[in-house]
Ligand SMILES: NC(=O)c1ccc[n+]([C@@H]2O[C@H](COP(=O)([O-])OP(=O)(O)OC[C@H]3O[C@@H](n4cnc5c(N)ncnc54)[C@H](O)[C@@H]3O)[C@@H](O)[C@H]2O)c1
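Next up is one chain by itself, shown in structure tokens, the form predicted alone.
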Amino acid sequence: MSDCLNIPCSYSKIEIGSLMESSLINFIDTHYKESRIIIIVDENTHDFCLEQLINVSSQFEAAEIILLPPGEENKVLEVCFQVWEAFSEYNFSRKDLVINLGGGVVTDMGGFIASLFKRGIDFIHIPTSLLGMVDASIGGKTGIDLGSYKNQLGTFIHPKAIYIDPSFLETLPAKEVIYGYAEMLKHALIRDVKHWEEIKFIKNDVDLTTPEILIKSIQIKASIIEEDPQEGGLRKILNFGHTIGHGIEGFFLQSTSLAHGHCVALGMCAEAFLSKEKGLLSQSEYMDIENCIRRSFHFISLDATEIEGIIELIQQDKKNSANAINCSLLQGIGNCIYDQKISNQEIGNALFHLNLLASSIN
């Protein structure tokens, strides 16, 4: 009998457990028996994860493999065009199936590519990174970057299924696991103070990736999407840490190329600082958050020019409206409010605070 667990969800089938024990083949045979299968990977998942998927069933041996260059810097329209041209050369149809095997970049791009080709091909996500498993693969957001602006082009379309096999995490370096920890901390901070207490002192990837911890984080995100699938209101709380975090990530994209999870962690510290400054979060709660993030993520020094550049990028954030910068802020740990207006000066103060933290640590 399978040990896989189905997580209740109305918009996508979400299953966690070994791929070998999963319903993946039955799902494909039931819904896509006459379809051709396209597997999208990047260079890392091609080398470390693809064989594991092919071993699940011989039918994957006949799949067409589309190889993406790795990294956020390649999450761009030019690469998508190359993939669409390959789709056309292979004569893929709307009845075929795309399987995205990879981390957040692969699921973001793969979903975007599938959602637009011939007005949409069905796709399945098989996330291989912790960040992908608990966050990026869930919720139906696809997207690519436009220059330094994160996810400026994208669609809302849910994968038909998401198969989460924690054994893929064994292929990751420890730092990649920590990047996923940032999104898990976010889920706890915005929705579940008890879960925050459970995970804030986790220091190793073994404790971080137990089935119980993974399932809880996935359930938090899935439940928010269930209530607000199109980000009309509540779903915006998932953007906590991402307004400033995306600005930092975009600014350094062409130079040091900081990882998304790292930038989200810094963004959460900055936006928790703003929450405190606005009287929404107590000093002790803020220090609890700051200390947690300092334990797992290194802070970076920011000079005045860099701070100004980050603010300029934030002014183009896709969440903004009516020339105002919108942000999700904490109203106590476990509770988040959205559409909070923040000024350039407030962002500058928060970034300067991050710089002070970097200086004090170094």
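Just count from 1 along the sequence shown to find any residue number. Source: prediction; values computed, not measured.
Note that the form predicted in complex with this ligand isn't included here; everything after this is about it.
Partner proximity in the predicted complex, defined as non-hydrogen atoms within 4.5 angstroms of this ligand, places exactly one of 270-278, 209-217, 86-94, 169-177 at the interface: 169-177. Highlighted residues T243, Q254 and L354: none comes within 4.5 Å of this ligand in the predicted complex, counting any heavy atom. Proximity to this ligand in the predicted complex, defined as a heavy atom within 4.5 Å, singles out one entry of V98, I138, L189, C263, which is I138. Here is the short version: of I333, C49, I325, I310, the single residue with a heavy atom within 4.5 Å of this ligand in the predicted complex is C49.
This ligand is not shown here, and in the predicted complex it never comes within 4.5 Å of any heavy atom of E285. Using a 4.5 Å cutoff between non-hydrogen atoms, G250 does not count as a contact of this ligand in the predicted complex. Looking at E72, you'd find a heavy atom of it within 4.5 angstroms of this ligand in the predicted complex. At least one heavy atom of G103 is located within 4.5 Å of this ligand in the predicted complex. Residues of 118-157 placing a heavy atom within 4.5 Å of this ligand in the predicted complex, in sequence order: T128, S129, L131, G132, D135, A136, I138, K141, K150, N151.
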